[in-house]
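Here's a solo chain for you in structure tokens, the form predicted on its own.
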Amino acid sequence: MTSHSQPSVLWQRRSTRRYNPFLGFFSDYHLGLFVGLSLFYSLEVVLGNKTLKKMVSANVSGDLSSEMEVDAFRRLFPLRYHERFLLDSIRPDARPLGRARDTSLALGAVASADGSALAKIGCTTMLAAVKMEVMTPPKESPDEGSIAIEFYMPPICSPLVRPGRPAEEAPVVSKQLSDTILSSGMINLKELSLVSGKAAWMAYLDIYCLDADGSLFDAALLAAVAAFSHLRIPVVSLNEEGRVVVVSEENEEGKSEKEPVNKGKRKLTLSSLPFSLTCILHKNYILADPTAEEESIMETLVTVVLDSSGQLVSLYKPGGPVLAYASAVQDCIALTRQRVKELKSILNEAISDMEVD
């Protein structure tokens, strides 16, 4: 009896596992899940566009079950879900393909900084702060100051960023920001000089991503430009040892023993402000200012940077399966020119509001 009962138990255990030439062995649970997904996919293919239209119409009427169906369709087939909207030249958030998300700026967000700004594009949020420190300029450029830029992505900004592990995008965005700000000529480094060969300003720009929902570089660059627009360079003077020191606010009224090097706080003269727009190339479509979801499923990105006069500063395309033909690049540049006008108006309005306050 014992010798016959063991094969029976073994057969029963094996009977709960199926074999598929593509999937190998899998359990009844996985079989049911696979069949369910296959049926869902088959129904979606057969019904075609009617499936999504019925789901959307039911969602509008407040049917909870249909809303769950739409959400399931979006999670299982995200690319097909978005492509259904692209057929009507619209996106799931009701934006036309070439329109950027709502954008806002607030200057002076960090009271302890010499210049700061909070920029928001859609849900993507960036906080930028500038801190000025006196340094000894290098021998190669004794009459110039320096700029150091760091971009941070703390775990709070995205569930994809894990504590203890630096985000892969952070150093890439930092390098892009440094290259863009320096190559655009926005800041004249000679204006940061205090005493030739002895003292100059070092501007430390730190940008923190508070919410990462796509177009990180666009929001970070906008925050950086706004922070430098809000910057007030501190008053400095020579101490008894001949060193340049920052004058505290209590001593700004001429109480220091020696004449200040610069009389009163001053703004930095900015020219050729750079603004950017990131676009997605997908088949024959161009989507401006993509969300994080759109970036994850349509991987070909093109970022165009123009200055305030409309001149091309840089064009960045980090790979992707779609080729950037000349016509597509020209369309991206045209969209960026429109976006630059919007961002200039938003920045000027923020500066005016700050001056009134």
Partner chain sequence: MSMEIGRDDGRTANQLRPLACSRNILNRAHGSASWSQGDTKVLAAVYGPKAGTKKNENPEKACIEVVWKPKTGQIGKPEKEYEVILKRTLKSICLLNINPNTTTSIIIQVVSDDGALLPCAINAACAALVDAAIPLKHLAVAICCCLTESGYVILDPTKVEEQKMKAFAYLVFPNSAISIIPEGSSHMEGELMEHGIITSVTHGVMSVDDYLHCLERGQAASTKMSAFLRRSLQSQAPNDSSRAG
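Positions refer to the first chain, counted from 1. Everything numeric in this text was worked out from a predicted model, so none of it was measured.
Although not depicted, the form predicted together with the partner chain is the subject of the following passage.
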*Might A106 be said to contact the partner chain in the predicted complex, defining contact as any heavy atom within 4.5 Å?*
no
*Partner contact for E293 in the predicted complex: the partner chain, 4.5 angstroms, heavy atom*: no
*At the 4.5 Å heavy atom threshold, is S314 in contact with the partner chain in the predicted complex?*
yes
_Does any part of E69 reach within 4.5 Å of the partner chain in the predicted complex? Heavy atoms only, please._
no
*R75, K175, K190, K267: which sits within 4.5 Å of the partner chain in the predicted complex by any heavy atom?*
K175
*asked:* Between S271, S196, S141, S183, only one gets a heavy atom within 4.5 angstroms of the partner chain in the predicted complex; which residue is that?
replied: S183
_For a quick check, can you give me the residues of 128 to 156 that have a heavy atom within 4.5 Å of the partner chain in the predicted complex?_
I149, E150
